[in-house]
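There is one chain below, alone, in C-alpha cells, taken in the form predicted on its own.
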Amino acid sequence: MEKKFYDKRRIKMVSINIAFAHHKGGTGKTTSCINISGYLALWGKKVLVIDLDPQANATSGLGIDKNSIGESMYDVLVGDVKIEDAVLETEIENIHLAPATLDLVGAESHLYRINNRISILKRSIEGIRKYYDYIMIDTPPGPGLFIINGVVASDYTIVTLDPSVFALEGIETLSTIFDDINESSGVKINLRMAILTRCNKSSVFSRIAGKRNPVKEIRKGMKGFLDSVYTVPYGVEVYEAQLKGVPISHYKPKCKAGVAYKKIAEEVRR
C-alpha cells in the first residue's frame, strides 16, 4: 500500500465533487461510488474517492486493507492531518483513496463541538481539487454530520435507492433533510440523479398476469423529484468484483450491471 498524493506537474482548474447519499443503509451508495469511479478512471480521469463511512466498505472495495491504514479520514476530520497526508494510491490506475477506519465513529462527536461543523470536509479538500477531475464522496447511512459534510462539499449529489416499497418515502425524507440544511445554513443541495440498484427485470409471466412492477412504479414516482433516474440490475459479478477489490469496469465490464454503470458514468462525464 503506497502513499502517493498527486502529480504536481498535472494541475487542472477544479474537480467536480459528487456525493453518494441516502440516510438508509444497503441502497448501493458504496457500490455506485466505486463502479462509476472505475469507468471514469478507465477513461483517463483522475479520481479521488473519499470514504466517510466507518464501515470502510469503499476502502476495502478498492483493495485497501482497512486494518493496515495509518492516517485516515478520522485524522482529517478531527484536524490532526491534512487530507493529502491520508490519501493512498490504489491498485486501480487513476484512482486515489482517502480511506476510512472504524475510528471514524469517534469523529462525529468531535465535529459537534466545533464551529462551521457542516463544512469541515469542504474546507479540507479545497486545496486538492485542482489535482483531480472528480472527487467522489461515499457517505454513511443516517442523517448525521458525515452525510451533511459530504453533500455540502459536493457540486451535486447522487441518490441511491433499493427497489422496495419504501423507496419513494426515502427520497421524500432525504429531500426534507436537504431542505433543512438549506434553511439552517443557506447551502443549496443539488440533487442531480437517482440510481435504483439491484433491480430484477419482471418476467414475461408477471407481465401477462398484470402483476405490479415496483421498479417501473418507483421510476415513475421519482420523476417528481429528479429528471435522471437510472436502474442497475442485480448481478453476482458486482459482488465478485468487490471481493477482488476492483470496480466492475476492471472485472467484467460487459455484464449487465457493468453496462448499466458505464451508462451512468457517461452521464456523469458530460
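The numbering used is simple: start at 1 and walk along the sequence shown. A quick note: this is a predicted structure, and the numbers were derived from the prediction, not measured.
There is another form of this protein, the form predicted in complex with a small molecule, and it is not shown here; the text below is about that form.
Though the partner is left out of this view, V238 does reach within 4.5 Å of the small molecule in the model of the complex, counting heavy atoms only.
For the chain shown alone, T59 is not a contact residue for the small molecule in the model of the complex, no non-hydrogen atom being within 4.5 angstroms. Although the partner is absent here, G245 is not a contact residue: none of its heavy atoms lies within 4.5 angstroms of the small molecule in the model of the complex. Heavy atoms of G28 reach within 4.5 Å of the small molecule in the model of the complex, making it an interface residue.
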